[in-house]
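Two versions of one and the same chain are coming, encoded as structure tokens; call them structure 1 and structure 2.
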Structure 1
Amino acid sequence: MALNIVCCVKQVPDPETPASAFRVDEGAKKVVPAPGIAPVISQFDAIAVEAALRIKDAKGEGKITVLSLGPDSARDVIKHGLAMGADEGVLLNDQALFDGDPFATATALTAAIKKIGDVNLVLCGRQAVDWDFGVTGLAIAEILGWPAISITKSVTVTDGTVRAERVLGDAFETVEVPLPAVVTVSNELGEPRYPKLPQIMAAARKQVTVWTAADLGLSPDQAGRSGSRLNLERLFIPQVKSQCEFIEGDTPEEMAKNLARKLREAKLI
């Protein structure tokens, strides 16, 4: 069976944006992009592409399509996937598809996966690093009726089976499911490979297929905000009161003594 993998990748505001530069527009219920900080590929999604490449490297065959839902700029994350070594790119670019909850997003991605055709493995990040839901991958599996393994640190494919190790906090569990299947990937898999210049240049020349809601056969009420099952009521920055008491001391040793005594007085040690 020829392996046909789709990796879902999302463009997000850089999660390393310092908290001081992070702003929201409460009226529009949107995050205001921090000036000078370019959006990036959601970290776990890059790791999903890495997982796909490792499978392809091991098997010596397979096709990897990177699929993204987002505006024109999301082309960059598709190009990133292509530069890492993926074969094809598809962008779902249509205002009607945007601002959906994970269910609406999964509906659109699923329609695209069906349109790509003959897909037997879908890889996603464990969660997007902007809205931190961790729902989309599993929702794709449920909509397709495929088995899924979530939050994994290794993924291998043999014959008609995918085997992955789940990260359980205090254990790792190796799980097998038959293909076709969906697997979501965590950072424990390891660093995604960094594209090299010739690959970046080759990726820049590659065509990205663009589809709209109509191309996917989705009606407006199935997609984006209208197709969502959740209503975003409010988006706000929580207030934290800073009241740190800084420990004095002329030397590190003196500070150490002072802190220990302070904690003792407060009955914390």
Structure 2
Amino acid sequence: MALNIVCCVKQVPDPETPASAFRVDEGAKKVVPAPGIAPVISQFDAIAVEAALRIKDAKGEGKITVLSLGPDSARDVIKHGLAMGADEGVLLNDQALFDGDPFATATALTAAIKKIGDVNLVLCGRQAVDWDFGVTGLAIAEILGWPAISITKSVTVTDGTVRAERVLGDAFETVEVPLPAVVTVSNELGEPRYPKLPQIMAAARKQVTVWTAADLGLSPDQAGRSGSRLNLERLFIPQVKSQCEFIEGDTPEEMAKNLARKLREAKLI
């Protein structure tokens, strides 16, 4: 069976952005993009694409579609996936689909997965590195009614079954479920392959399919902010206050005693 894999990817602010360039619009409850620093593909999503490519390499066949929801600039993360080796790209670009919570986003992505058709496996990063919710992949599985395996370090497919190793706190757990299924991938899978220049140039020439909410058959109350169940009350950068105190003493032993006394007085020990 030739696998039809969909990888969901998200465009996020570059994690290497200096803290001084980080801004939040508290009125709009949005993160302001740092000027001059291009957003990137979410780290775990790139690893999910790597997992899909390893599956395709092992089987010697299959199709990988990179799917993203976002503005025109999100086309770049789709192109990144295509440069890595994916076959097709789909961008959900419609204001009606934006600013939704993870469930609203999963609703739009699921509608696209159904529209792509005959999908056997959906791979997502374990979480997006901007909000760190980590629930969109599992919400897709819930809406589709498919089994899901979360936070995995390896994914293989054999005879209509997906087998994955889950990363637990102090161990690994091997899980098998029948296809179709959804799997979220963690960084323990390994570094995603870095596209070479010819692959980047070839990806730049590939067409990305663009769909709107109407193309997906979604009504205004099903997606985006209107379809969200989560209400964001406030978004702000917390004020961090620190106080430094030097412990006095004529010798290191005396300073240690004074430190212990202060910690005891503060009821910390």
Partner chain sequence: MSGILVLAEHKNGELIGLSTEILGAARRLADQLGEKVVALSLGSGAGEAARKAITYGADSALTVENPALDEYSGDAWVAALLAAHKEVEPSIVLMGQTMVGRDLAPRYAVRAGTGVAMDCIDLSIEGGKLVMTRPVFGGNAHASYTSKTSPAVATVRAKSQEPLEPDPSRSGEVKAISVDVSSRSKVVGREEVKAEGIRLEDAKVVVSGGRGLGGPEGFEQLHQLAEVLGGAVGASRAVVDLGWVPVSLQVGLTGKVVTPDLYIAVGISGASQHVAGITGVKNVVAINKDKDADIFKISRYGAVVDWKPFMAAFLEECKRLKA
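Reference numbering: structure 1, starting with residue 1. The term rigid core refers to the maximal set of C-alpha atoms that superpose within 1.5 Å between the two forms. Quick caveat: nothing in here was measured; it's all calculated off a predicted structure.
K.L.:
If only one of the two is the form predicted on its own, which is it?
P.N.:
That would be structure 2.
K.L.:
Comparing the forms between structures 1 and 2, identify which of D118, D159, R229, S242 marks the hinge between the two rigid parts.
P.N.:
Where the C-alphas swap which rigid part they fit better, we find S242.
K.L.:
Note the number of degrees the smaller rigid part rotates with respect to the larger part between structures 1 and 2, based on C-alpha superposition.
P.N.:
About the larger part, the smaller one turns by 38 degrees.
K.L.:
Core superposed, what is the CA shift for F246 between structures 1 and 2, in angstrom?
P.N.:
With the rigid core fitted, the alpha carbon of F246 is displaced 7.7 Å between structures 1 and 2.
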